[in-house]
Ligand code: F6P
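One chain comes next, on its own, written out as C-alpha cells in the form predicted on its own.
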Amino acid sequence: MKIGLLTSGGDAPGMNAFISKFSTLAIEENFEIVAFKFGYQGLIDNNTFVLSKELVYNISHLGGSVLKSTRSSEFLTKQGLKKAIQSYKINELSALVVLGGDGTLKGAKELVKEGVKIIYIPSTIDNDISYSEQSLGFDSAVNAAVDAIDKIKQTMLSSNRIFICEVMGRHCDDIAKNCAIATDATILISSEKDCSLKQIVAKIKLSLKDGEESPSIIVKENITDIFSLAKQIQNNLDIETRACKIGYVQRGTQPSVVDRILARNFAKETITLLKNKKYNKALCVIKGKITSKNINDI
C-alpha cells in the first residue's frame, strides 16, 4: 500500500512527532510513504520524496515540519485542484494523510469530492477545529506563550510597569483564555467588547488599589492595536505601560509532552484506519479519547 503524507497551512508543534511515529509504524506494516513538500502546493507540483526510518529518526522533539508547510492559493482554483488530483493518481496512492487546520480540512473535503481517499489530522495551535476537543500543537503554543509572559512579568515587576501581551489564535481565543488563567492576568481582551478604554483603566485602577504592582493584560490577536492601547493607558494613568507580541515562538516551540503523546496516538489511530481501509475520516479528541468522524459529516 502506498500512502501520501503532507502538512499544510501554518505549522504546529507535534507535526514532526506525528510524522516520525506514523512513518515508523507504516513502514513496519510494509506501507510506502510518499511525502509531499510544502503541503497542497507540493501535491500540485508533485514535489515528493519517500520517507524512511532514517529520515524520521529523532525528529519528534522538533517544532515546525520537516515536510515543510505552507498555504497554497493555487489549490483554491479549479486548475490547481485538478493538478493535485492528477498527482495523487500518478503516484498511485491508496490514501492521503493530511495535517493542518481549518483551511487544510476544507481542502481535504474538496479532494474527497473528487474521489481522493483522505485521513485528516487536526493540527493547529489555534485549537479552532470545532468538532475536536483538542488539536495538535495547541498545548505547546500555550506553554510557550505562558513561559514568555512569565519572563516579561519579571522585568515589568522590576519597575512596576503595566504590560500588555498579544498572543496568537487567529479568530479563536483559546490560547488567550488559557494564558490569562495560567498567568493570573488582570484583564483578558478576547473580543471587541473588551476594548473599552474606560473599563480597562477602571479595572487597572482597582487592581492597583488591591495591591497589584504590575497589572497585566492578555490580548488575542486581530482585536486591537496593543501599542496604541499601551500609550492610551499610560496617558490616562501616568504609569509606564509596555506592549509585546509573543509571536511565532508559539508556533516554533518544541512540542510539549501532551502534544507528543497526542501525536503518537493520532499516528496509531491513522494506521488502524488504513489497515482496515476506512477512509475519508477526520481524527478527533472526544471526551479525552482518540476517535474519528466521517469527513463529510463535519
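For every residue, the number given is its place in the sequence shown, counted from 1. This one's a predicted model, so the numbers in the text were calculated from it and none came from an experiment.
The form predicted in complex with 6-O-phosphono-beta-D-fructofuranose is left out here; the points below concern that form.
Visitor: Can you pick the stretch from 257 to 265, 243 to 251, 32 to 40, 229 to 237 whose heavy atoms fall within 4.5 Å of 6-O-phosphono-beta-D-fructofuranose in the model of the complex?
Guide: Heavy-atom contact with the partner occurs in 243 to 251.
Visitor: Check 124, 169 and 221: does every one of them have a heavy atom within 4.5 Å of 6-O-phosphono-beta-D-fructofuranose in the model of the complex?
Guide: Every listed residue reaches 6-O-phosphono-beta-D-fructofuranose in the model of the complex, so yes.
Visitor: What is the one choice in 109, 203, 153, 71 with a heavy atom within 4.5 Å of 6-O-phosphono-beta-D-fructofuranose in the model of the complex?
Guide: Contact check passes for 71.
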